[in-house]
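So this first bit is one chain, no partners, the form predicted on its own, shown in structure tokens.
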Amino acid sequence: MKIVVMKFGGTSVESPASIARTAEIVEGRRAGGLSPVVVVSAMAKVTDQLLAAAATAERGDRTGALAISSRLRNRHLDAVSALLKEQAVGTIHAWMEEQFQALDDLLRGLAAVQELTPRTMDLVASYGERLSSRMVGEFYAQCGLNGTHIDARTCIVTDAEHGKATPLEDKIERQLRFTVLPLVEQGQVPVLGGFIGATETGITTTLGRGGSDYTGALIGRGLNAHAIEIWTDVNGIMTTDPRVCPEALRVKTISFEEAAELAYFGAKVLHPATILPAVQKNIPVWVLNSKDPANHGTQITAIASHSRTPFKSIAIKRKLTIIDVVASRMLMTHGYLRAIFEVFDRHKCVVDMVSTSEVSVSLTVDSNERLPAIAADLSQLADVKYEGQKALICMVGENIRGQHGIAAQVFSAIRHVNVRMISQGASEINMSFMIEEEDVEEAVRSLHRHFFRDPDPEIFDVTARDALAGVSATSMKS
């Protein structure tokens, strides 16, 4: 039995037509001899709206919060009516009404006390996946796919760090083998919501935004899956963001290590935590497009094929801030760096890059409302200043290891751009640097032109680019 875990993102289940398309994809996997386990996100934008409802209630605006909930209720009820046959609609409508009644009661309570705790935020945010997974499971059952809905909170066991809970992988594996595996062995297609879990005492948690990818990988690990498929609305991992650089190419194959670097440094197609569970069991991960299922997407494996092109992809991370900590007498003092990082730890603020000189430490972080408090704490140790509106460019590729002259090529390609910080990762597969946010798109286009002028066709999909070039040439002749 070859289990394939198929995670469908919010845009893949955003409408009845999209959900029907996922059913065709799942049926194709079954026809190919695979046993699917399906993980779904909330319908597109639903989690954002749920969080907006909670924030509105916290301000005491009960009417506004309930209005958001009402719109979500109508959207889900309409989707059920479009998807399911008449005899099933009444049952699911009644169940959904119960869920929205519970949500509305929760919002009324929030509006009364005007206090939104992380635990309550997780509970509100969980409704999107709970609703979509039940709806998709019922539709798959109707389609003859033997769809069976499973509440992910019975399988994804986590700690109690609300907002970004840590999965307890051994307990998850035990629950999956008890709850999900028997259904797969019976030929059923389990459907679970991503992003959500629960503590050992049953309190609802979430894995953080984008956590449905992570759920898929955890389930793949726990079931020793043959493959994990992340279905989204793009044709896999690209050489850079095609909205910035229309000449971006699809990457056919990439290593786990390269994909993890890209995900961490801003590539939106994959959640950063997705890779680790797959690496632990050496399970290949595919990134695919539910709107173009014939496309081969990107395969992520333990060891990728050698590429004559030094870099695989260029990632962008925007809205960053550089913090400079200057203390000429204390920089080399024992415990000084630890004291600096303890400040960031207290504020739960992740540091992206670090650079040191004789008298200062420079760090980059996501711009957020905690920066003044972080700067105030750091000022107890040294002089502090910070600059916002920065962007990080991260260039990733295993083929840069040991190559001479790569840095010279990179900075020659962007010699017209002021570089603020430079870092080469300890992994030796990425080069990162910080520039002004207003310069980032021009810099990426320049880098892409230089390094992907002659891409390796074994690694990159050049056919789409060549076809576009052919169309352009024909248009010019006519």
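In case it trips you up, residue 1 is the first one in the sequence shown, and so on. Note that this is a predicted model, so its numbers are computed, not measured.
Heads up, the form predicted together with a small molecule isn't pictured, but that's what we're talking about next.
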Note which of 173, 233, 324, 377 lies within 4.5 Å of the small molecule in the model of the complex, where distance is taken over heavy atoms; exactly one does. 233
Contact residue in the model of the complex, from 242, 310, 293, 284 (heavy atom within 4.5 Å of the small molecule): 242
Just one of 221 to 229, 242 to 250, 377 to 385, 336 to 344 has residues with a heavy atom within 4.5 Å of the small molecule in the model of the complex, so point it out. 242 to 250
Is it true that 4, 146 and 189, all three, sit within 4.5 Å of the small molecule in the model of the complex, judged by heavy atoms? no
With a cut-off of 4.5 Å between heavy atoms, is residue 18 one of the residues that contacts the small molecule in the model of the complex? no
Even though the small molecule is not shown here, does residue 269 get within 4.5 Å of it in the model of the complex, heavy atoms only? yes
With a 4.5 Å heavy atom cut-off, would you call residue 237 a contact of the small molecule in the model of the complex? yes
